[in-house]
Structure formats: C-alpha cells, structure tokens
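The chain below stands alone and is given as structure tokens, in the form predicted on its own.
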C-alpha cells in the first residue's frame, strides 16, 4: 500500500497579482476622479456656516401674514415739460365722503417738490404715496396723525414724461388675525398646476406606450424576421427616449411651443414613453406562456391571443407601473419648472435667484409634502392592485 502524498503544486501568483492590479486601477481612478471633480473637504467644512441663514429661512417659510385693512384716495395731477406756457390745472373732482387727497401745486415739472395732504384716513396709520400712470412709482412714506390727516413733501422723479397722472395715497392698518400669504397662495396654485402637469404628461405617455410595448416584447415578436426587426427597433426607440434627460427635452420643447406648462407636459410625455414602454414590455415578457399556448392551439389569431391570453395577465402590472410613473412625474415636474416647464419649479427658481429664502422655503416644504403624500398614496394603491 502506497501512503505517499501527491506532490503539492506551488501556489499560483496569478490571483494576488490580479487583485493588486485591480487595487491599483481603482486607486488611480479615484485619485484622478478627486482631481477632476476638485473635491475639497476643507472648503466644505469652512463653508457650512454660510448656510446658517439659508437653513433658518427655509425653516421659517412664508405661510401666513397679519391681515391688513387698506384705505386709499387719489386725485388727478398734471406733469408739464421743462419749458412752455403753464397749462390750466386739472379740474378738481367733486368732494365725496371718506378719505381725500389734495396736491399743491396741481401742475409741476419733473424734479419739482410737491406737497401732498390727506384727511379722513385711519388715525396713526402708516402709508405710501404713489404716482400712477401706466404703472405706479413710489414717491414716499406717510403716517397719519390722531385725526387721520397727513402732509408730506415729495419730489417728482426726473424721468417722468409730460402727461396726465394720478397721485394716490394708501394707508395700511394691521388687524388681529392672520391670512394666507401671497407666497402660499401662489405656491398652492402652482403646486396644483404641477400635479395636473404630471397627470397629463403621464396620460399622453401611457397612450403611446401601450401599443408600442407589445412591439417591444420578445415573447410576442421573436418569430418571423420582420417581428425580430420590429422588436429591436422598438427597444432601441425606448432606450433612446429614456437616455435623454427630461431637462434637455423640456428646453427643446420650450423652443417649440414656448415657455410654460405645455412644454413640461410634452417633456414628461416623451421621456415617459421610453420609460413606460420598457416597463410594459418587460411585464409582457414575464407573463405565463401557458394561456398563450392554449389559445394559440385553438387556432386563434394573433390579436385574439393578445386580447384573451396576454391582456388579462398584464393589466394589474400596467396599472401599477402607471401609478409609479405618475409619482415620478410629480417629482420631475417640480424640477422641469426650473428651466421653463411651468409648475411650482418656475417660481421656486425665481425665489432662489432673488435670495428670498423664506418664500423658497414655502415652495420647498409644499413640494416635499405633496411628493410624500403622492408616494404614500401610490404605494397603497399599487399594493392593493398587484
């Protein structure tokens, strides 16, 4: 009996060398990546204090304001040119009950000082004087006395052209209750526009994706050469649409149809065709082939096989994928507004550009609440359907 052990083979160096080579490649990739992206953790740490006021403003969104009561009164005013004869003063309107405003003189030229007097306003109330024509120009602040009167001297802007104007005084008194701010009302309206923007965009993408998804299903199209060519063309079409970022699509659509929600709808629809077409096609490919074989054996046509063997199996998944896509589109719709696609993103980028962080906080919190609510609702519906 030979109890001799077989000679041991020397350990191969291929494994350690391959591992070492892989580590070197990864190290070189990360070193070059940090250099290209200019990652600087020191700048991050030292720059964090600059976000202090931004974070505080975002945590204090502009939601409600004190209700105010406004009183106003106006009177006609004539601006004349630098030279020339003095035209007759405007006719004084008949006296009427309530606040009234008088101007001395009633005719002046750009750069002149005029005196504005008012009476019968709310007592001890601040206000503003405006020069009104096509638009309005703020001339100065006022505060009424205990009798509700005021007298203020203001200077006409030097760039005012000759013509008929109105001088208007407005006083504001804060009340003891709060009302929704203009920012909140505008954000709610644009958030509603965002939700329906996503809904219409999803609807258009579903309409086009459903018929195309059958052409992109391998188990339905891989028979004849024409079917295989149709399958590959459909899948290539889906991948092409999905590969183009929705922000790029909305910029293109804004050039075609103009800036606004319609451009956002088209961008979501185009991108959604690629995404939903792929999901629908994969849902069709994952169905049970048994019913297809059984109905095909009865001599049914291709359309009958799809109607009675394929459609009943894919309806729940199609509904689930559609709800999921609508959820995604709501989040996308808040972003495409940044580049002219309408919705709440359009006003959000303006708040950020103007450094109005409290107003931006209102829009951001509203987006977060709606997205979370949509995500929860769609998840519950998908769970009950699938």
Partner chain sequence: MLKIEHLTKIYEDGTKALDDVSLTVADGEFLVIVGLSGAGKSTLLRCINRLVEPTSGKIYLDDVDITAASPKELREIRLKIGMIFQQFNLVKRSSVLTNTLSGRLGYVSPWKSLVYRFPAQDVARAHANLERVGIAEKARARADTLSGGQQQRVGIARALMQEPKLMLADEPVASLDPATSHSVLKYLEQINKEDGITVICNLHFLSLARRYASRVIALKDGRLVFDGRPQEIDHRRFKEIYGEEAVQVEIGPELTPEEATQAP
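What you see is a predicted model; the values in this text were computed from it and never measured. Positions refer to the first chain, counted from 1. Here, rigid core means the biggest group of C-alpha atoms that superpose within 1.5 Å across both forms.
A second form of this protein, the form predicted in complex with the partner chain, is not displayed here; the remarks below concern that form.
Checking 258, 158, 299, 135 for any heavy atom within 4.5 Å of the partner chain in the predicted bound form turns up a single hit: 299. Here is the short version: of 220, 116, 108, 309, the single residue with a heavy atom within 4.5 Å of the partner chain in the predicted bound form is 309. The partner chain in the predicted bound form is approached by residue 291, whose closest heavy atom lies within 4.5 angstroms of it.
Although the partner is absent here, residue 180 lies well away from the partner chain in the predicted bound form, with no heavy atom inside 4.5 Å.
Of the heavy atoms in residue 200, none are within 4.5 Å of the partner chain in the predicted bound form. Looking at residue 303, you'd find a heavy atom of it within 4.5 angstroms of the partner chain in the predicted bound form. Heavy atoms within 4.5 Å of the partner chain in the predicted bound form are found in exactly one of 187 to 195, 126 to 134, 236 to 244, 283 to 291, that being 283 to 291. After superposition on the rigid core, displacement of the C-alpha of residue 224 between this form and the one not shown amounts to 2 Å or more.
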